[in-house]
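Okay, so here's just one chain, in structure tokens, the form predicted on its own.
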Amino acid sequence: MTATMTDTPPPAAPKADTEGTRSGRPLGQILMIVAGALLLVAAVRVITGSDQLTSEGQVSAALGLAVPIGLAGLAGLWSERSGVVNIGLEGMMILGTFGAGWIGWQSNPWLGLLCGIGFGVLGGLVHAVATITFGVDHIVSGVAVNLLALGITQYLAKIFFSEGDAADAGGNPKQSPPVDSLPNIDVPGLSDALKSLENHHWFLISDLAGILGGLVTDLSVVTLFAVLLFVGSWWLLWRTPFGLRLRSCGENPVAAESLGVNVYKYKYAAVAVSGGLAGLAGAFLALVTSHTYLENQTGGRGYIGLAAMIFGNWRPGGLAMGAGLFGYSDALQLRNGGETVHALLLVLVVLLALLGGWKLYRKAHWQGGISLFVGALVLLWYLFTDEVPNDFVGATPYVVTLLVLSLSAQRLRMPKADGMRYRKGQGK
């Protein structure tokens, strides 16, 4: 039979879920950026003689500092992909540090790790009840969680750590007694070989050896677990029906509900997972970094984790790169002080020059001129000084946070319904 103009056209094929590919960079471009950054740092190391820039110790310290930031950022990613802004990550991390220090001292560090995760989940559920069930503003609820967590842990620390056996073991109102260490891992043979290559100080080869050595030497089992969590989160959120439904709640909850998705259930699950990941980040600080709970131990890492998540465009890969960058800058100021941070100024000069040239090429003359002018000022600073003042050295991670967010702001795409109040059946 011949078709006519009045025949019903065949239904269109469903569109593939391409949101993830549109918002992320191609793998080849990411590899080029990483290779370019490595070449730049290696060249600066040779020019300035600052071998600590790519040393095994520097990279190992950076990895240890990046893990809690990355876990906090991953916690924020889970929550915000479901449409719930989680400013309360800092408070959930505080709960994790206390839970890990408290139970870890009384029993063993593995139970402390689980308790830290559990305390974080409780904080996440408080935030979920306030924002999802009662419709409280997400920012207000997050700030309240931070304040409550700080007050509760300070109160409980005075009760549990300042008297009796805890006080005899070294506890006081601001810290728990020491907790046993979790095991660390080395790669037999490889760590020594890489250290030998690093000591030759060859251009690029020694830099690669130092970086790889820092990634395989004295590695905490919690760090390996964190890597698996990043890979698992990517697979679960972008390669499974569960992840598609969860992300649909953050993009358009009304449409998701019309397709049979229980939006409340997915939001609750995401925020609970977010709290658990933030609690794990706090437990890492208590059990791996310092082997004890300390008051104000998180030091704003929950907020830096949010910055890393935004830098990563709400995706695990970019988030991991952002966490690594912040951890690296933090390790620089803790380990090496003003001289090494001074060498990093030369890296900043090159980046500002490249940014300025790119803006001028794109006809953004005003922005390009400002970038080149700031780059010239930083170059003068580098040429006429021998080291960076200690006051600025301590602010290095926060300055890096502001610079990275300002440079990446133009390509960001947050979930469309992120932070919006949702009520069941509101689309009817």
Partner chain sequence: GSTSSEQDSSSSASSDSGKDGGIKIGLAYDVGGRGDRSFNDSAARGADKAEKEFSGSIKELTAKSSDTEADREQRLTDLADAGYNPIVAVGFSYATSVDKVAAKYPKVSFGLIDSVATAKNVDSITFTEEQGSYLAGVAAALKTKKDHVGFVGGVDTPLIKKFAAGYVQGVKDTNSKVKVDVQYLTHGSDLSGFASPDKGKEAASGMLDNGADVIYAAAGSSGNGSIEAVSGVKGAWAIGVDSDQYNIPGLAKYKNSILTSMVKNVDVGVYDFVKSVQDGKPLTGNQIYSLAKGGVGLATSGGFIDDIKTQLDEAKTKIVDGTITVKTTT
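Residue numbers count along the first chain shown, from 1. Computed from a prediction, not measured in an experiment: that's the story for all the values here.
The form predicted together with its partner chain is left out here; the points below concern that form.
So in the predicted complex, are 49, 54 and 200 all sitting within 4.5 Å of its partner chain, heavy atoms only? Judged in the predicted complex, none of 49, 54 and 200 sits within 4.5 Å of its partner chain.
4.5 angstroms heavy atom contact with its partner chain in the predicted complex for residue 44: Residue-level check for residue 44: no, no contact with its partner chain.
Any chance residue 297 has a heavy atom within 4.5 Å of its partner chain in the predicted complex? Yes, residue 297 lies within 4.5 Å of its partner chain in the predicted complex.
Does residue 329 make contact with its partner chain in the predicted complex, using a 4.5 Å heavy atom cut-off? No, residue 329 is distant from the partner.
Are any of the heavy atoms in residue 192 no more than 4.5 Å from a heavy atom of its partner chain in the predicted complex? Residue 192: no, not in contact with its partner chain in the predicted complex.
Just one of 222 to 230, 345 to 353, 167 to 175, 273 to 281 has heavy atoms within 4.5 Å of its partner chain in the predicted complex; which? Comparing against its partner chain in the predicted complex, the contact stretch is 167 to 175.
Though its partner chain is not shown, can you say which of 285, 84, 113, 77 has a heavy atom within 4.5 Å of it in the predicted complex? For this set of options, the contacting one is 285.
Taking its partner chain in the predicted complex, which residues of 377 to 394 have any heavy atom within 4.5 Å of it? Heavy-atom contacts within 4.5 Å come from 390, 391.
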